[in-house]
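Only one chain is included here, represented as structure tokens and corresponding to the form predicted on its own.
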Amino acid sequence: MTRVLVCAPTHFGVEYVINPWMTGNIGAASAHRARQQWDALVAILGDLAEVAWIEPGPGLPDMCFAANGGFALDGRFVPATFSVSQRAPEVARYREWAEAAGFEVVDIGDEAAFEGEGDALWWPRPSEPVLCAGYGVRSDLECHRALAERLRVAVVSLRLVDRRFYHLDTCFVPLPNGGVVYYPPAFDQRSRRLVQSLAPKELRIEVGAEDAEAFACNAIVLGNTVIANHASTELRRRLAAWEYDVVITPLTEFMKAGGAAKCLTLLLDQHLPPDFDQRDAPPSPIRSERVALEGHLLDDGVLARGIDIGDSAGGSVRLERFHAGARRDQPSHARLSVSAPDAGLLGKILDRMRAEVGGVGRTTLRVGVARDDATLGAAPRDGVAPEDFCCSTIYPTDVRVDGRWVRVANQRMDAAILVERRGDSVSARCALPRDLRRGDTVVCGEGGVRTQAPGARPATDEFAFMSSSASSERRVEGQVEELALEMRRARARHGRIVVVAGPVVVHTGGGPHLARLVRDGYVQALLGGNALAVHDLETCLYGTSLGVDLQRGAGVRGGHRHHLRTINRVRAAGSIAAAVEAGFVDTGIMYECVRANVPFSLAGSIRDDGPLPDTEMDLLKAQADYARLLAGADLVLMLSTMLHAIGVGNMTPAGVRLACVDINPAVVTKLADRGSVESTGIVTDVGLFLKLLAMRLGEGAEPAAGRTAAN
């Protein structure tokens, strides 16, 4: 009996969005029903194959989709290199399992994404076996050449163009008799012609949308049995004509995460024919070239155009490095890796880039840039980086050291990249120049540095920087509803929501609503300045904010002294927490933070009165405290505080959702202009916004009793 690998859905759930099927399904999958469906699938597999198990990992909700862990052929195992950070920790677990199981682990490098058997399907055709490999959504074309060279087999590259079918195994089923079941609209025209050349008409089943969207093509083939979540009557009839038995087992809970039968299994016993001579395997036709761009790449739309040219022509383009000019008069620099299924198509892509990108504005384009290690320099003294140090961005970054790529940790904007060696181990992380010590090894220049492009968008969206929305014309209620749904999901999965707020929250009457969010468990950390806390506490003690009665909207006699008296009383108590303990602070944002053990950080400035005892007047310590509380954030909500919002934005890596609310459109666009595709701008009065948000979150919801935030 053949062997198949499975991973129990112990930690399964839809906790993020990395494919279109997950959109709208965060928190919607039932763990109980998923386990029942998975048990039914494993029972079917047990009658047809020997089932092997890999231990699931906590915090890895997609690890049950074992097909993506790697690819097995003739006793060799190729581990995956995931394109999405959420699944990257799975790789080590699958590698360790394969080594323990006696497989020869074959690495193909980590320069290109390869998502295992999800995008690599062995087709044991009687005439000539081939490896069909998908690219265009999650796996990169470059990995196909590495597979062909390391495994010494012919690789057929098939380009996926519908993001719903993001892996080849969602829309393509190769059969042992040389036949194939597939969904043609998932592929580009060239790939459809390739499939037609490999399987004659009488051996092709082209399914329609009904079968495809129910994951009929995400099927397991074991001998003459096809196991799937769904198959229409016509599909079953045609497979029966080829003497295949079709077994249907519902896997609807897993479909919410974008997978079904094949995604849940990894085939372990796939073999080359006994007489197959790997020395005769044809060399890979895939060709790659590196292109350097310099100029006003964002203003002129050059970078987006260059990437679009390669992708639309059937090639694959990866943004290896991007460095934006600090001012409008300074050029930006980018380096692209351009690949194509053959030399002819690569030449056409490069010719189009030269014609349509090179020379636009003042853009220069160079083809054939060498792939070198990063240049490393030593910090000349404590707190000072080498003069030409490489400035980091918010995007995931790798540096090439000793011939291999190393992922940079602690990603943030405007930092140096510190390289550290411990024995044979090399690591890299972002470090502020002021934290460097004399002799520290720092990346210099832009060579040997690559930056990943922003994450995948729906198929209808175009690649574009500065594309996040921030408009006063959009309906605020709709944006609030979307944000409330996201916050409910974050709370349900015990995610971290960080709020950055300014004193305008209190001035506009939003204080009680923000306090309610804290009380109901929707805030895991609060960042602000001295003024936020002072005026919140003033409202508790005197009912005013800056001396203005918030009920009547009018100043009160002697009100201009209220904030100073507030500061004085809290200083006398010793801290905000002590004031709460003493009983004279019994309402408000800060009160709820103390009661719920929600950590807060107040960064001082030169204009602060007092300040409060809790306000950190050492700017460097305040920045470090902000960074500490931002670590692990899923969502950052920024409320009418331009200075603190921009500071937090620069500390936050790509991948963290940012929502910025301000009455001034210029403030919310500053966050989008960082290039973050995860940022949303809401232009409205922050008091009104918080009232609507608190109402939406309170509708039909029970408070999160007993939840406390981790310091």
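In this text the structure is predicted, and so the values were computed from the model without any measurement. The numbering used is simple: start at 1 and walk along the sequence shown.
The following text describes the form predicted in complex with arginine (ARG), which does not appear among the structures shown.
Visitor: Work out which of the listed stretches, 642-650, 51-59, 64-72, 37-45, brings a heavy atom within 4.5 angstroms of arginine (ARG) in the model of the complex.
Guide: It is the stretch 64-72.
Visitor: Taking arginine (ARG) as it sits in the model of the complex, is His513 near enough to touch it, meaning that at least one heavy atom pair lies within 4.5 angstroms?
Guide: No.
Visitor: Contact with arginine (ARG) in the model of the complex for Arg450, defined as at least one heavy atom pair within 4.5 Å: yes or no?
Guide: No - in the model of the complex, heavy atoms of Arg450 and arginine (ARG) never come within 4.5 Å of each other.
Visitor: Any chance Arg87 has a heavy atom within 4.5 Å of arginine (ARG) in the model of the complex?
Guide: Yes, Arg87 sits close enough to arginine (ARG) in the model of the complex that at least one of its heavy atoms falls within 4.5 Å.
Visitor: Does Gly258 reach arginine (ARG) in the model of the complex if we count a contact as any heavy atom within 4.5 Å?
Guide: Yes, Gly258 is a contact residue.
Visitor: Going by heavy atom distances of 4.5 angstroms or less, which of Phe172, Phe114, Tyr166, Phe322 would be at the interface with arginine (ARG) in the model of the complex?
Guide: Of Phe172, Phe114, Tyr166, Phe322, the residue with a heavy atom within 4.5 Å of arginine (ARG) in the model of the complex is Tyr166.
Visitor: Please identify the residue among Ala579, Leu141, Leu602, Cys263 with any heavy atom within 4.5 Å of arginine (ARG) in the model of the complex.
Guide: Among Ala579, Leu141, Leu602, Cys263, a heavy atom within 4.5 Å of arginine (ARG) in the model of the complex occurs only for Cys263.
Visitor: At 4.5 Å, heavy atom to heavy atom, what parts of 104-127 sit next to arginine (ARG) in the model of the complex? List them in sequence order, or say none.
Guide: Residue within 4.5 Å: Gly118 only.
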